[in-house]
Structure formats: structure tokens, C-alpha cells
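Listed next as C-alpha cells is one chain, alone, in the form predicted on its own.
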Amino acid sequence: MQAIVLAAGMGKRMRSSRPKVLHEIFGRPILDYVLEILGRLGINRVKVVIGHGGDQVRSFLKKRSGTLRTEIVYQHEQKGTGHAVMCAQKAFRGYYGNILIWPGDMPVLKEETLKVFLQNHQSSGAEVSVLSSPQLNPAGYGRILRAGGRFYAIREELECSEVEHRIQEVNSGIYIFKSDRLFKSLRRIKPANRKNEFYLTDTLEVLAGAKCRLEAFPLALPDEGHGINSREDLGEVTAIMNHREIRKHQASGVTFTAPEQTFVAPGVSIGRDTVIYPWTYIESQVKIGEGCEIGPFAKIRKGTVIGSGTIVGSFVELNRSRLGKKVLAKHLTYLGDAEIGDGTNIGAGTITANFDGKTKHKTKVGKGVLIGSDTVFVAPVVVGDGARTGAGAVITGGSKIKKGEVFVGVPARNLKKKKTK
């Protein structure tokens, strides 16, 4: 199967110079979530239709890593979803399989849900299948039309009759078409509507008139059909994803003392019996061991690894750092590009000055080290096992503190013990 991702829309209600699909959730563009799931499904050839802000979207696609092969299709004038798919027709010459169509602004649809949708499409023998969504408030969505329970059309909201407006089963915008049926029906639709656009949904009535089998499969969880058309939608989708991640970790034995005040990105690993306190923000690609305490007001940034039994307390930020087991970093600390050994105590106010204006440098601290309050490490710095720093010490760049040594002062110097007679 191949796929089309619709990513050409301006997103007027976002009121932004940035293309809608490049707005971020937990530091990742909305479009990235869609492409990630397509890759996991094994759909490795995807046509991405771009238009408004196309250069920005193209730049993102070029930089994006992974095995998914994306081919860019330009929709130079935005004349509706049907027109967007028409623009992709040349890219499907010689292809006669199924085509999955997915809006690039729907990042909360689960991989498992798509798998079931694909299976239902195959087993039903449908030539076109639509993923529908039950919504108590269907405003803004096309309505699913059925007669005797059989799905036969989608009516866009602006074209709905008074009766059709009350329908609560709506179009998610996700379809599977047989390729020949799709492109033949597109040639028969016209922009005879209030927006003067080519609606992809109009192809369904064309196909129904040709006695093609159509199916609409409702989502079990309506939230998965939530698209993003406004900043309000962006906030709601972020909350859905956050709630989903927290529930996943709770089921694995993690305690959140205030789930509604905690933020956990997808792609985080947390060991059981760890407690996460309020106002903690954890980015993707973070690994936290068992029996840790994190927060309140902690920020754990991408690439950080925290060993079991470690405490990361109030107003502590970690970035691309590795903390060993039973490390204590309880207060007002920034550790960037740092490696901290087992059993080390990080005093309040400790900072790793890891950036010199051009390059990020590392701070390496051994096991069982006692770091005094308000210590500043001007990286690169190496601190041996069992060493200590005095309160307010400034460890200058290139310093190497040996095992058991004590450094104090500004700039810090080794506090040598006097020899006894």
C-alpha cells in the first residue's frame, strides 16, 4: 500500500506564519507523528502534498531521519482536498493498489487503530473505506450519511441540510481508495459548492452511483479523530497525548501525584516505583530508572538518562546528561552535557556552564562526590571519585580534580592538607 498525506493547507485559524503541520507537540512537528506511524505500518512510500509554506515543509522532510520514503507533490493553488489528491495523480502512474489518504494534522490516531481499519477494509471487500468518528459536538466536520445503515456519502458542513447538521457521526478525513476508482471519480467531481473547491468527499457519491461498495468504520475512541485547525485544537490534542502517555506509565507502576499538572512526551521510559511530582516536564528520548523521585518543577530534556534510586528535585533542569544510581540533585540546579557517578550529591545552585558560544562541552563527575552549593563547572571539567568542591567554587575549563581532592575558591584551587610532624 502507498499513502498520500495532505499537508498543503494554510490553517487560517492558527493565525501563524508557520505551516499548520509544522506546529509542534512536545517539540515535534504535528506532521512528524503522522509519518512515524506510517513508517511503523510498513507503508514506506508516501506522497506528501504541500502548498502553503511549502519550502518550510520540504526543508523539514529533507532533514527528517528514518527509512520512510517521502515524495513531495506541490499544490500551488489550494482548491480543496479533491484538488490536492488530483495533484498527486502523476506520482501514481503504473500503481494499481490501495491508497491510504491521511490529513497531516491528525497526530493522535493510534497505530493499532489504523491496523484494524486496514483489516476491516480488506475483509469487507470495500472499494472505498472511511474512518468515521462519533462526536457529541460535530461542528466543523463533514457528516456521514447512511440509508438503512449503509454508508453512501459524506456531506461537508457548509452543504448540510438542517437534518444533516444534527448527525453526530463525522468524517475523520482518513480514507482507503482503490487507486483506479479514486482517480476516475476525481475526474467527475466539480467545485459546485459554497467554497468553490473540489471536495474529495464528493467522489463517494460518484462511486455510490456506480454501485461501488463503500464502508465507514467508526472509531472506538472518538478522541483519535481529533484534527488540528486552531490553537485551541492544538492544546486539546496535546492534552490527549499527554494523558495517554501518563496512563501508559501508570499502568507500568509509575506514580504521578498530580497527573493533570505533569507533562510527559511520547518516547519516554520510566521504571516502576518512580514518583513524578507536579509541574515536571519530561521530553522524548528520556530514560528514568526504578525508584526515582522527580520534581516538583523539574525539566528533564531529550537524551537524559537517570539511574535507579536517584532524586531530581525542585527547579532542576537536566539536558543530555547521564546520572548514575542514587544521585541527589535536589535543588535549583542545571546539568547540561554532564555525566554524574553513582552516589554523588549535587549541592543546591550547581551549574554546568557547558556552552562557550560555539561548542558544547562535557562535565564528568565521578562516584561519591560532594558538590558544594553554588558550584559552577566551566566545562570541560573532570572530577574524580570521592572529590569535593566548596560552596561557591568556580571550576575553570580544563580542570581535572583528582580522586579525593577538595577544590575551593574563585577560581577554585586544590585545598591541600597540611602535613603533620
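All residue numbers refer to positions in the sequence shown, first residue = 1. What you see is a predicted model, and the numbers here were worked out from it, not measured in a lab.
Below, we turn to the form predicted in complex with a small molecule, even though it does not appear here.
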item	value
Proximity to the small molecule in the predicted complex (heavy atom, within 4.5 Å), stretch among 81-89, 319-327, 213-221, 176-184	81-89
Residue among 201, 344, 333, 262 with a heavy atom within 4.5 Å of the small molecule in the predicted complex	201
Option touching the small molecule, based on a heavy atom within 4.5 Å in the predicted complex, out of 75, 132, 304, 280	75
Residue 142 within 4.5 Å of the small molecule in the predicted complex, heavy atoms	yes
Distance check, residue 350 to the small molecule in the predicted complex, heavy atom within 4.5 Å	no
Contact flag, residue 154 vs the small molecule in the predicted complex, heavy atom cut 4.5 Å	yes
Proximity of residue 13 to the small molecule in the predicted complex, heavy atoms at 4.5 Å	yes
